[in-house]
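The chain below stands alone and is given in structure tokens; this is the form predicted alone.
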């Protein structure tokens, strides 16, 4: 029997378990999927916006893997931290360990004022409205959602997600699993203007067209795009006439069409912008209560302060440099805001006991085999973002996991020569840990369903560690 631990129960971890189940080279495989949290699914549970029900439904396919009789979910077991299991000790329990721990940190802006109250990472904001138990109290309810203007720095899907949540009416979120505190805060939010800002042009933005179009479909909100800023991008101004230029990717062409539709009635500076839907279709009413401004060619250089809090962002105006990048023009623009969210990318975090490349934010590897001193470390593997960096979409993790599993299976004969623990769960308990198994997760699900019924809603997430663990260990559920 081949005994494997997969650390992380998000898509990369579950796809790794699935690849192990579907192979035929080693017929008898047992997989323990470990997670620091008592809940499975990783970013599908705690990173997908609550109003993206189709993506969240991916949990159903992940669930089918975790319910396989050859798989055991082991929640509430951290690895590498002060209160968890070291990689060296974990290696004593299994023939192989695959680390699928993602990229949990966000990239900093590295500008003055970034740490002022009212300035947050978009990752933290997403974790708050997704009920991640590490967030604790409601910082956004307390001191940020009193803002009237918000700036979201970044032009990827995360930036679009947080802008959409800020601009969406809270009544529409009642049918989702948003926790009570976040829903209450969003209902009381005074935010009326949201700026989504990128330092480069629209042809270099990272959002997908589906996410972008959703902004134009928000009831009670309108999208404003400055045609002058769009025209600065050569690919936008003349996409077919650039000498020697490669054809634009289809997603970029679709994005430009949507932006062109929104900007069609805008004057210089977007002061008189007319809303538009996807591809220029009519959007919400012109007197919409909230406005979303999509800005380009602005690089943040400082967060401005007033009364000890964020009061705005100073941007340097940029322009294309002719080589695919941008240059500063020497001009600046201040945008007033009482809430600033940075969404400029994720970054892997070092797991104590594993080698780490601080430049790339990944674990050094060769086809998924962890490298120590440039040499493959027997029985240690990586998959997902900690392997390749925060790139691709959820489905990208499937091929990534298959490559790693292929390496593991090629090593299986050597790995199974050594003895693994007969019952790793029993050993973990001897070490003072208290794992939450699948029955505990089902108990949490029932508790969240009961909470939702009591509020006249569907299932509502439990947002704190104490509540999750109490539900997991409630033998009466």
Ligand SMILES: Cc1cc2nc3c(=O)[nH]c(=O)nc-3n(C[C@H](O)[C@H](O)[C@H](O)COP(=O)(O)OP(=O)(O)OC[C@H]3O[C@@H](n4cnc5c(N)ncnc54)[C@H](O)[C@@H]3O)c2cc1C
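It should be emphasised that the depicted structure is a prediction, and the values quoted were computed from it without experimental measurement. Residue numbers count along the first chain shown, from 1.
In what follows, reference is made to the form predicted in complex with the ligand, a form of this protein that is not presented.
The candidate spot formed by 11, 126 and 161 lies fully in contact with the ligand in the predicted complex, as each residue has a heavy atom within 4.5 Å of it. At the 4.5 Å threshold, heavy atoms of residue 255 stay clear of the ligand in the predicted complex, well away from it.
Using a 4.5 Å cutoff between non-hydrogen atoms, residue 171 does not count as a contact of the ligand in the predicted complex.
At the 4.5 Å threshold, heavy atoms of residue 43 reach the ligand in the predicted complex. For residue 394, a non-hydrogen atom is located within 4.5 Å of the ligand in the predicted complex, even though that partner is not displayed. A single residue from the set 410, 442, 427, 55 has any heavy atom within 4.5 angstroms of the ligand in the predicted complex; that residue is 55. Contact with the ligand in the predicted complex, defined as a heavy atom within 4.5 Å, holds for exactly one of 202, 179, 384, 348, namely 384. With the partner omitted here, the stretch from 364-372, 226-234, 97-105, 303-311 that lies within 4.5 Å of the ligand by heavy atoms in the predicted complex is 97-105. Residues of 442-474 that come within 4.5 Å of the ligand in the predicted complex, judged by any heavy atom, do not exist; none qualify.
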